[in-house]
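Before any questions on binding or motion, here is one chain by itself as structure tokens, the form predicted alone.
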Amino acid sequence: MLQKIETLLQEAKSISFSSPEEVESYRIRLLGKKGILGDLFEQFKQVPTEEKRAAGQSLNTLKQAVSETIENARAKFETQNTDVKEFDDLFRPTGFEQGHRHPIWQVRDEIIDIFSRIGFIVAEGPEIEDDWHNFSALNFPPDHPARDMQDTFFVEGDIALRTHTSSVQIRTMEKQKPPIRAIFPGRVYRNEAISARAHCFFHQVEGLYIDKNVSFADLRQTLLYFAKEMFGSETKIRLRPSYFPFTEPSAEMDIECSLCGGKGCPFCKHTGWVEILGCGMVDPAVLENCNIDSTIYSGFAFGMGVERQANLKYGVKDLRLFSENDRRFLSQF
């Protein structure tokens, strides 16, 4: 498998295209629904545990290299298409600014890259979910407030816009036997008032690790590694007891406020600390709901808002700026 990945990686670095159609054909062959990368990710499930880290890193590197090759080729053909047609306005201004990736996507990709270095693969799922995957399998009781209309956008019956990417964790555990080590990026929706600190839609990256003898110490060290890679080697963290229906014990993780250096400011509510994610050990009931023997396997899960990480990384104090398409704001990134 690693040899095949290396061969495809070399191809991505050296391939050339003579037309946009060839670029699209290459994209479908590698990234299409029945493409080579999809088959490789299916084969990854059968890779021995001791080889998963190296294989996961190689797969993510290959996917990124293929995507960059396709984007660069498309950009090349777009710039070559400069023939002046009869109906073109010859007096139209030229020299338009080149666009770039949105800051939320930049932070999302950075989070994915950090966890891919320690063997986490990426899994995605639908944004419209049923009650089982969004609530019941995650141990939410029938009368939990999150099921109310004022907290969730229901589509029809028990079908709703997902409120977290934890639903993809359930889908992964249903289909894949342990060990499981994956992260789940995506957009989620909650019926909340829009303000500087909240929005009705936002982006999450959740993580899940299921194996034998997984402990809370493993969870802490994983999150400490993430915090130092994301915010700097001097970053300090703290874990506070909390409650989530799907983890036990549960915690919220804070980092020292980067805006004030821990001295206290309005952003950190003058505490010197800022919450960046929730985490905990996967509740045995959740494992059993996915037909995983909780007497053999244990695991941890975590979830973070991408906007919150971007707030801290770039010093942005108003969440609404990320979705208002103000070029004055976006051009800073």
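Please read all numbers here as calculations on a predicted model, not as lab measurements. One-based numbering along the sequence shown.
Beyond what is shown, the protein has a form predicted together with a small molecule; the following relates to that form.
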### Task
Within 4.5 Å of the small molecule in the model of the complex, counting heavy atoms only, one of 242-250, 209-217, 172-180, 110-118 shows up; tell me which.
242-250
### Query
G278: heavy atom within 4.5 Å of the small molecule in the model of the complex?
yes
### Query
Though only this chain appears here, would R187 touch the small molecule in the model of the complex if you measure heavy atom gaps against 4.5 Å?
no
### Query
Just to confirm, Y297 within 4.5 Å of the small molecule in the model of the complex by heavy atoms?
no
### Query
Looking in the model of the complex, any heavy atom of Q204 within 4.5 Å of the small molecule?
yes
### Message
Using a 4.5 Å heavy atom cut-off, which residue among Y26, F302, F44, W273 comes into contact with the small molecule in the model of the complex?
### Response
F302
